[in-house]
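Structure 1 and structure 2 below are two forms of the same protein chain, each written out on its own as structure tokens.
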Structure 1
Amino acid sequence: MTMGITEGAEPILELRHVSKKFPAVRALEDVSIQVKGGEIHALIGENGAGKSTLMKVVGGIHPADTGEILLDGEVLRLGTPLDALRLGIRTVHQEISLAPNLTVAENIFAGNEPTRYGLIDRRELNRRALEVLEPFKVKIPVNSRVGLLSTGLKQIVEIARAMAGSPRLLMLDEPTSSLERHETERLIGILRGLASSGIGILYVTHKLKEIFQLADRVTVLRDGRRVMVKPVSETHPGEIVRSMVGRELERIYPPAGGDIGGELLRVEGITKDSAFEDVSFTLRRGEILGFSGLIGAGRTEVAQSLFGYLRKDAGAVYLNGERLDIRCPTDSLNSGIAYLPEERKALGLYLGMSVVDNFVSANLRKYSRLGILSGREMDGACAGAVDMFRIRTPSIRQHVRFLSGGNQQKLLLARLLALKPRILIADEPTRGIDVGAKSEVHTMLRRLCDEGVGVIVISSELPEVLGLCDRILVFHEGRISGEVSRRAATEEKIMHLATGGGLSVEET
């Protein structure tokens, strides 16, 4: 823990009996919370519990319906996010909000660029950006366009942009969801330093381990209400989980499946210039095959080439012994290969469309007769999926943008599974979702395997890789550096391979 709260410290942020309601959803109800100077205060709860809404209320995005918000003892009147920024409230949202066509430096200092003779001083801009990024100890070219960066590096830039504003209160929503373990540990050190300087930090996470590594106190929300607030030293993971879900969670990872079948997919020497080289592996029926490695190691690029997002330069892919010619995602879908993308909002969902429209969008032909869509069939199929996958929504007409992250993920997974794929590639399938939703997604993936489907899981969370996968391929600099069985896998072995080391035959 940080132990950063000074004796008798006054609250920097205080919410008093705050409520917020949206159409058909009460997001917050009578919530009170304090964040003190020098404190890292963790906020946790299932998806839809109200965490993001609370941050948006404090950040000036949504006005509270009732209650008060105080900063340094003064009641705030927040009309816009700009009001919050002027008061020193900085927010890092879970979804990347950078401008992809601007450089790293331009994103970090957007709206506050140094000028000279009325023009942006590029040299000073880049110098300041390097200064802000220096504590992260990661090489990011500050004059490169953000759109060219990996998701993990974008997340670092997002956090750096908030820190550049010298915040009084810093709110972070799942800031480590796209970071590797060493990047997470570096960020934890930076946040501890910031807290020791006296600022308050509200830290939203679904990772229990981070709470006990980092936070001084923890508040749990459930269904929009505060159900627990305690010093971290006076609680334990089991109590937090019970408070979150209102029940005991027996196990996050389902038990390993039964017998794994024969070869389903064979990949031979596929190569994509500057992304990956000479990648070969097999996937068997009923198997969950894990892709692990550091960000930028080529895991996602290999998956995208299998699905047709990227055209490989060399190599071959075989499904059930027959060579595939994958030129686009449609070719992959027609072959029975489905892909769950890492960035569900950017690549997976139509946020302005309803739940039912999203669910049927991948297979409209199934619900049409003589070219006319059957609303009754679409509604019936979607309602069945909502029930089966326990998707929390007030209606199948609800726009997807109003669903929580976990429910968005379950909807996307339901849509893909309705296609009855032979192979599912799941890229960061539980990124940014709570422990209860994670358990449900893991169970769905294992159930698929029990039906003979082959599953590839790409994950930056080592506990997920170790707890879920039957075999693990570790990538390093665009190549497979090693393979480890479920029985022999440990975090140390995977990190050793991910950083370019090797293992003996006995260790695999």
Structure 2
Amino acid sequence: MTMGITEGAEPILELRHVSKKFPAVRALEDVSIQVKGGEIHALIGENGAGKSTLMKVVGGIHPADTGEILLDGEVLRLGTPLDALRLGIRTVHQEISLAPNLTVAENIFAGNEPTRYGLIDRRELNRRALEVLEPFKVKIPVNSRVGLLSTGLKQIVEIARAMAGSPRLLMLDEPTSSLERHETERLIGILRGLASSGIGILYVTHKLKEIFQLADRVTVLRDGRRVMVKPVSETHPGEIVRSMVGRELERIYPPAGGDIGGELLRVEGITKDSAFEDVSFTLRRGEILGFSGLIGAGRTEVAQSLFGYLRKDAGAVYLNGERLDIRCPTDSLNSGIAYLPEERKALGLYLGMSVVDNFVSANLRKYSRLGILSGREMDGACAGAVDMFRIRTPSIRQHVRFLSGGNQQKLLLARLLALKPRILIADEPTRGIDVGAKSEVHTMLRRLCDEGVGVIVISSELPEVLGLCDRILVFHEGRISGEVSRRAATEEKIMHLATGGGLSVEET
């Protein structure tokens, strides 16, 4: 840790008694925080605690209602995000905000492209993009359109774009949510290097482990207020969680389920060119089956083909012994298969619609009598779900756009569960969800199983896979490289399989 640097250093960023209110929501209340030169300052708090709002206030997206923001000791007058950019304030936002139709290089230097004779100098542009991406040590074609990249690679481009501007202050809002473990470690190394060059870094995360790997100090927000700030070396995970949620959390994962029933889903040799090959497995009633593996191993594509987003080239799928012919998502919903997508913004929610409209949108038939929708029933069902999932919103009429990232994710899950599916396929179900809510989601999934539903969970977080799943399939380069039971599973075994190593039968 670099405590030595931060002790005497001058603050680069300082917030003094900043408050920010939205209609009916107090997002920040009298928050003060300092980020010093050379410091990595972690910011943590429950979903809706105000973390992203704080970054948006500093980034010039939202004006603060009261209080002062200082950069290098000077009070800032931020009118627009551009003002913040000019001062060297760079943000990596929680949701990917790249232009899908531009190339990787164009995105990184958008608005700031090198020119020659008044034209964009592509050669130079690509060369510089490669330079910016170099420390990440991943192969990203700088000439290809961003829309074609995986979520993980998009996230890296997003981070690289923020770094390309030689920032004075770098703010990252859950930058590792779609990164693999080794990519996260590399990012941590890169950020340490940046900090030691003297810039200030503000880092939002839901992953406690990262705080201890990376940060010098940590600030905890609860309901828009600062409830703790401490050097990381003087605190521990238990204390951070306690001050986040204001109570003690006893257990993180629910106990293993009771009876696992008979076969529900059987998948035989499904194949999709250049995505996955010869994938076979069964899912039983009441079982949580984990899909583990590195990003890009084909897990999401398998899930998408089961749900009908992707057409498979070969193979067969049976539900309760009957062959399924799924051509589109409607077919699979009609068969009782529900899917929680990885990218909630793209595939999941109508951001311009209200919480209740989103909640009922997948299931309108349920609320109609003789073709007439019952507003009261819809409201009632939605209010119940908001309560059960503790979705933080001032009302069920609020537009989903205004919910915090984690609360959007909870709404998506609530909507799916209201469909009462027979099979639920959840791709990274707890991404962006705070530690407390995470265990609520896990409990919810386990409860579904107790009702006889079969659940497939795709997760890149090994502790989650180990803590939650009854059985784990590990994917490597589009194939299943092994299967491990809950009892026998360890992080090492899974990593071994995920990176292409084999296991003998006794080990499983």
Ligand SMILES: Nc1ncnc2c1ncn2[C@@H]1O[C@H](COP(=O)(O)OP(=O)(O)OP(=O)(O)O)[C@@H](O)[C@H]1O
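Here the rigid core means the biggest group of C-alpha atoms that line up within 1.5 Å when the two forms are laid on top of each other. What you see is a predicted model; the values in this text were computed from it and never measured. Each residue is numbered by where it sits in the sequence of structure 1, with counting from 1.
Here the form predicted together with the ligand appears as structure 2, and structure 1 shows the other form of the same chain. Superposition on the rigid core between structures 1 and 2 places the CA atom of residue 73 less than 2 Å from its counterpart. With the core held fixed between structures 1 and 2, residue 371 has its Cα displaced by at least 2 Å.
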